[in-house]
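Below you'll find only one chain, the form predicted on its own, shown as structure tokens.
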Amino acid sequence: MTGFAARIRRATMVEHREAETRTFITRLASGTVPIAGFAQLTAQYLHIYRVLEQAAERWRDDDVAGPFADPALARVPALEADLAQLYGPGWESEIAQLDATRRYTDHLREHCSTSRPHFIAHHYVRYLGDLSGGQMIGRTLSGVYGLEQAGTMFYRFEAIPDARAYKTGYRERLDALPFSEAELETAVAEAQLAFRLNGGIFHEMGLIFPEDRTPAAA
């Protein structure tokens, strides 16, 4: 594999691994983070996806970025439903941004509505990740916190019945990008940054919810 999809995947392997192995995430998957921590992480995702999906609307009719801005990927409605389940009525007042989340959303807001390489890079990191490891994470968290579908809709793509085929098509779109070498380099750098920004959220969450040996589902 020599296309851009393979290139950006290789270039982000270190950042991807570091983000996935953050202590907070491993503890979340094992159930040693209270459900309040899961709820707060879900809230941070809503802030991120609101900005990213606003940018997607900006690019919807663009010949290059438009094919990535697929409504079938939209996560905001699912996240809002999850937060209503996790927090109950008045959930909007409970979802303040962490400092790390604000850095992330400020960066998205500054760049993703005006730059195709920035938008596609951040879109790639979030949505292709959601369609890949995110599916397994969702099943794990559903079992750990006893939520079944309620509270974990974010991890379910009901408008995409065949995730594997969709990811194949997504990578083909990456390979077909008519970007200059400078634009491709920008996209790679932004994808690396996206993983680091996401890792920053996990780090801050770990400070708010330090290690607790008591299982969250107990």
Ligand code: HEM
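These numbers come from a predicted model, not from an experiment. One-based numbering along the sequence shown.
Omitted from view is the form predicted together with protoporphyrin IX containing FE, to which the following refers.
Problem - Listed range touching protoporphyrin IX containing FE, judged in the predicted bound form by heavy atoms within 4.5 Å, from 179-187, 165-173, 147-155, 36-44 - result: Single hit among the candidates: 165-173.
Practice task
Using a 4.5 Å heavy atom cut-off, state whether A96 contacts protoporphyrin IX containing FE in the predicted bound form.
Solution key: Flag for A96 set to no.
Exercise for the section: Determine whether any heavy atom of H111 comes within 4.5 Å of a heavy atom of protoporphyrin IX containing FE in the predicted bound form, and answer yes or no. Expected result: No, H111 stays farther than 4.5 Å from protoporphyrin IX containing FE in the predicted bound form.
Handout entry: 4.5 Å heavy atom contact, R9 to protoporphyrin IX containing FE in the predicted bound form
Key = Yes, contact at 4.5 Å.
Problem - Contact flag, V125 vs protoporphyrin IX containing FE in the predicted bound form, heavy atom cut 4.5 Å - result: Within the cut-off, so yes.
Exercise for the section: Please pick, from S115, T140, Q85, S132, the one residue with any non-hydrogen atom lying within 4.5 angstroms of protoporphyrin IX containing FE in the predicted bound form. Expected result: Contact check passes for S132.
Handout entry: Residues of 51-86 having any heavy atom within 4.5 Å of protoporphyrin IX containing FE in the predicted bound form, listed in sequence order
Key = Contacts from 51-86: none.
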